[in-house]
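Single chain ahead, written as structure tokens, the form predicted on its own.
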Amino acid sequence: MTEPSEVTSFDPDQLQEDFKRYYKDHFDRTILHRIFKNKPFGTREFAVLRMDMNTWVRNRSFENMDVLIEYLTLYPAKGVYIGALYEEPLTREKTIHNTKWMGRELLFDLDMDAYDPVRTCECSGRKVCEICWVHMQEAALIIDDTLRIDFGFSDLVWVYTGGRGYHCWVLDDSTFTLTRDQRVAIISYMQLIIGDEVKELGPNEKFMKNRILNHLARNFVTHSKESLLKEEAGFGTTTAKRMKDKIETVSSPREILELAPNTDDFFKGVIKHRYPRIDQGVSVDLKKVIRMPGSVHFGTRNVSEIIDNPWDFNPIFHAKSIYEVMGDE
């Protein structure tokens, strides 16, 4: 099984009609109610990549959801995106640059192409398979655990983007008005890979190592070639082979660590090859727009949907296309 592949040939006129019908009759409005909670709808920024014009429309607010749906029914969109909340509705004159910013959710963006340097399958770029999607599942586990335990957040919504990744929306009220600097501090704590280097874990080293060991160590050994274990984790040939042979019978993560000749090198190898690679810009840019949950991913025709257990979800088997939702297949 391979990727939820992008569609390369299609009838553009028919596709426009399909998208119109989806938003008019099948768009799940409860998703936006879940995301926005009790916050105002009419002063939120939306951005639309128009299918008929193949151009972006930003600085657009809609009085309510009915007006949004009406717009998407009239002007089919390749992509629909959500931005921040502003003091007044946005127009050509009142833009995100001259209207007071009121807040936005804390967001985390994970894309499979960020893992291209460490994927062990044949995929790259937008391609996804069963093997490499495990990176997304692991990242969801780590990020969810970190946000809940280290920061005390509780209202997390995970969204499959419809393509090659996940978005995590942190909806706790305390996050909505976080400044850019505060968001930078949070993402800096959570990012352990800078470029191709693994940074120091800091004062929470023991706690973070336990999380890494529990969630990532086994897959690191399972999916790594012996040569990689030697190069990246300080293993000798015999030790690397022994660990690969024994990994299926090891009952606890701690036993995995006991097989490693150098624990510091082992942890650096696990972090480099399995730790979440987060798109910092999405988390810290207060005016960034992000794909609207419930919208359709133009490349795959999959619906961007809320996922209750992203560590168990795999788009190869579980993604829903627009046509499945509409009952056309």
Partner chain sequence: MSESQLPLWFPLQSRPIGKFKPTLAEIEEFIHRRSEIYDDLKNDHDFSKRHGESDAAYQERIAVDSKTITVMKMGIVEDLVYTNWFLEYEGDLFQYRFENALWSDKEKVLDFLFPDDEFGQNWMVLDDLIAHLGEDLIQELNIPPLNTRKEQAKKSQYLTYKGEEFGMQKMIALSYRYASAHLLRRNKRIIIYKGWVLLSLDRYSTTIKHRYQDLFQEDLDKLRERIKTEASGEIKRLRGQINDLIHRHISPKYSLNTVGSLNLEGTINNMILFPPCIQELLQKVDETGYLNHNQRLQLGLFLKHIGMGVDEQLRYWYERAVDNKGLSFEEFESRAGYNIRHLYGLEGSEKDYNMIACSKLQLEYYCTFIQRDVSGVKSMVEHYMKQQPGYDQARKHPIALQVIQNKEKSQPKMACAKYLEMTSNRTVKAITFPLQYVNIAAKSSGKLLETEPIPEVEEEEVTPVD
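None of the values given here were measured: they were computed from a predicted structure. Residue numbers count along the first chain shown, from 1.
From this point on, the text means the form predicted in complex with its partner chain, which you will not see here.
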property: All of Pro12, Phe27 and Asp66 within 4.5 Å of its partner chain in the model of the complex, heavy atom check; result: no
property: Partner-proximal stretch of 147-155, 87-95, 244-252, 128-136 relative to its partner chain in the model of the complex, 4.5 angstroms, heavy atom; result: 147-155
property: Its partner chain contact in the model of the complex: Asn214, any heavy atom under 4.5 Å; result: no
property: 4.5 Å heavy atom contact, Val159 to its partner chain in the model of the complex; result: no
property: Heavy atom of Cys121 within 4.5 Å of its partner chain in the model of the complex; result: no
property: 4.5 Å heavy atom contact, Gln280 and its partner chain in the model of the complex; result: yes
